[in-house]
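To begin, one chain is listed below as structure tokens, in the form predicted on its own.
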């Protein structure tokens, strides 16, 4: 049985675009259906990308709204979709405990660092500023903390020979694009066993 997922974005959603393409004709086509691409920002370029690819989109602007009130509106929007998972792909808003309790161990995020060492935005900049020779990309469940949920998978990112932050971001994003769909496939198929 294919998992029904929604992808949450706040910007361009390059990870979202890869997942959409994999769900349509690639790695994920036999294990999930994208029921919705959602954004909290009406100007998010990813909404147009998803729409142009033929996927349903929705937006509820979050600006100026309290977190729990906003999340209640989002939960109401999602309720009829009967989702199995929510996949965060550059969603730049903390989810409230109310939202997380509605989808326990069903919200997944990708983070550009080892979440045990660095949480929050700017993971690649952190690795660059620390002068690290390697870092990790982490896929994890979302809990009530920021990037503190149980780790599902990690992959190492070799930073040797990369002298500029832009190089690290480019290499890191390429790893994210490959890794996220692979981890989702493994997770969705394992649950079907």
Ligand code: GAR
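Worth saying up front: this structure is predicted, and the values here are computed from it rather than measured. Positions refer to the first chain, counted from 1.
Although it is not shown, the form predicted together with this ligand is what the next lines describe.
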*this ligand isn't shown here, but in the predicted complex which of 95, 74, 107, 110 has a heavy atom within 4.5 Å of it?*
110
*Would residue 89 sit within 4.5 Å of this ligand in the predicted complex, counting heavy atoms only?*
yes
*Contact test in the predicted complex: residue 22 vs this ligand, heavy atoms, 4.5 Å*: no
_Although the partner isn't part of this model, could you tell me whether residue 181 comes within 4.5 Å of this ligand in the predicted complex, counting any heavy atom of the residue?_
no
*asked:* Since only the chain is shown here, I'm wondering whether residue 185 would be in contact with this ligand in the predicted complex (any heavy atom pair within 4.5 Å).
replied: no
*Counting only non-hydrogen atoms and a 4.5 Å cut-off, give the residues of 36-56 close to this ligand in the predicted complex.*
none
